[in-house]
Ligand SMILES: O=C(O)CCC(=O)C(=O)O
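Single chain ahead, by itself, as structure tokens, in the form predicted alone.
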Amino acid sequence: MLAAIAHVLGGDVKLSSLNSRAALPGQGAQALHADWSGPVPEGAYLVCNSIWLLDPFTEENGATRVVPGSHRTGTVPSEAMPEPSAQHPQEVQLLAPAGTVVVFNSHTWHGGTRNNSDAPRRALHSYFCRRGQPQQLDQRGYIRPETRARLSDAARYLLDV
């Protein structure tokens, strides 16, 4: 996973945030979006995400949809589509069993679909950025000195603490 993230970001990597998402029954639909505020030139990617599937991603339970190649367009859905909540003709759903980890360039247009099942669809997101970018969660502001002291050099580097 880290090798894939490093490939997208040219080896210039730090953890930006770690969070969970649980699409509850009847919820979870998102407009297509990129995890960056605006377009970037092809190859100048700043962010990369991984989704750790705690439950299977199925058509019924609100799997994430992506538009392959959209990270190369130099635009974002809100600028390119009249209605980013609408289905995109090139979108595909990430359908996979629990335990799968999906890594994708976060400039790729993506969004959750509605969970039409009777159970939550749960996932963890580990989101990375280039080292010169601010973290979504400032790790330095939250880490305790005793915790930092127990970390390896590699972990301190990855967390940027």
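Heads up: residue numbers just count along the shown sequence, starting at 1. Keep in mind that what you see is a predicted model, and the values were worked out from it rather than measured.
Omitted from view is the form predicted together with this ligand, to which the following refers.
The partner is absent here; in the predicted bound form, the one residue of Q135, T58, Q30, S50 having a heavy atom within 4.5 Å of this ligand is Q30. Note that among 126 to 134, 108 to 116, 40 to 48, 95 to 103, the stretch whose heavy atoms approach this ligand to within 4.5 Å in the predicted bound form is 108 to 116. Contact annotation: K14 falls outside 4.5 Å of this ligand in the predicted bound form, judged by heavy atom distances. Heavy atoms of T64 reach within 4.5 Å of this ligand in the predicted bound form, making it an interface residue.
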